[in-house]
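As a starting point, one isolated chain is supplied in structure tokens, in the form predicted on its own.
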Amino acid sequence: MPEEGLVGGGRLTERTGEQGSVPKERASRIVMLVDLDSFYASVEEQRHPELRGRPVVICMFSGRTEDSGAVATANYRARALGVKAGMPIPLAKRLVKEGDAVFLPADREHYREVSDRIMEILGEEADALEQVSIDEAYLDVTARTGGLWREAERIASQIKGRIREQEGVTCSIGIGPNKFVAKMATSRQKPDGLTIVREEEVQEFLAPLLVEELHGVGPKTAEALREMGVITAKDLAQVDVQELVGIFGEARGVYLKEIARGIDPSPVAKRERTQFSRIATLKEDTRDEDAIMERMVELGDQLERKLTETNVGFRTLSIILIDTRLRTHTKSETLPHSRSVREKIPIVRRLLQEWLAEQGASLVRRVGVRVSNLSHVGSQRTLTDFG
């Protein structure tokens, strides 16, 4: 049976192996999937604390009428009432009959800003990072863990803590010997969960799952499998691969056979970084230019060390300011290629002065410095030009 405990504020589920076998301590490969819990809604709850405990529905309004459009996502309170992504907004409003429900327009620019900061955290903890959406990423951690599951658990706990401390949102993490198993493990404990499925535990973990629960199996495929009498992953694993190929084609048939057995050779596709940033909380909420600049200089020095370590320069310099209402503001300037943030501190100060003049009485709670449009020193090509 799964054993649960507290790990980084989340719940840990570990498999114990078939017939009580002792799990192996070391793996040939360890992959994580980090999934940010109800991300859009969680970000809104963080910057609007008064929403916590209420059903929150994030919408993509079309503008044709007051309620035209569809649901982008919802928090778990709203999901429990039947609200789903893609649902028409009027239907969602009929389902959420409680008077304290709130419907908000999606602020995708802000969500992207938060996501970028979180992905930077993940990149610092991974051998390779593959972002698959605004709220989801695979991490290969084989080298930095030495293949040790307990070290992977420690890193996952650290990731959860860093995301919670910096951004105030939670994530669920699945850890397994490949991307597919990590994805399936993530779904085991949500929200704020941590599930580890070791190599020798994969078959036991997958066997009872319904075929429609397997990542990559859509409704039509699941229906076709059910017509064959294939109900669970265990059933699918026992079907001859040639029978699957005959029905679904070679590529699809082989894929179905492999995922039923927990096989996934696809690599975590390492991608070059497109930006570096550092962010920190001020000692007190303030509009004092010198106090804010003191912290920004410290962050700039941290970024400069990072640029030196990676032999990277930048062309765009940005400041990030988060006010007491947890609204994120950025101001940027594109420059000739540089690798020294310290030399650009006068530009940081000017951007800050401009923002303070524009924002009236807004107090600043957190500040950050970001560099982007990165390129290797000595090269005119940006990092995104490299395959």
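Source: prediction; values computed, not measured. Position 1 is the first residue in the sequence shown; the rest follow in order.
The same protein also exists as the form predicted in complex with the DNA; that form is not shown, yet it is the one meant from here on.
The DNA is not drawn, but in the predicted bound form it has no heavy atom within 4.5 Å of R162. The DNA is not shown here, and in the predicted bound form it never comes within 4.5 Å of any heavy atom of S266.
Interface residue remark: G218 is counted as part of the site for the DNA in the predicted bound form, having a heavy atom within 4.5 Å.
In the predicted bound form, R77 stays away from the DNA, with no heavy atom inside 4.5 Å. Just one listed stretch, out of 114-122, 279-287, 146-154, 222-230, contacts the DNA in the predicted bound form at the 4.5 Å heavy atom level, and that stretch is 279-287. Contact check for R26, L209 and D240: none of the three has a heavy atom within 4.5 Å of the DNA in the predicted bound form. Out of the listed residues E272, D127, E213, E298, E272 is the one that sits within 4.5 Å of the DNA in the predicted bound form by at least one heavy atom.
With the partner omitted from this view, the residue of L326, L51, L352, I345 that lies near the DNA in the predicted bound form is L326 [heavy atom within 4.5 Å]. Within 4.5 angstroms of the DNA in the predicted bound form, the stretch 153-185 places a non-hydrogen atom from K183 alone. Between A137 and S332, the C-alpha separation grows by 3 Å or more in the predicted bound form, relative to the conformation displayed.
Annotation: L335/D116 CA-CA distance longer in the predicted bound form than in the displayed model, change of at least 3 Å.
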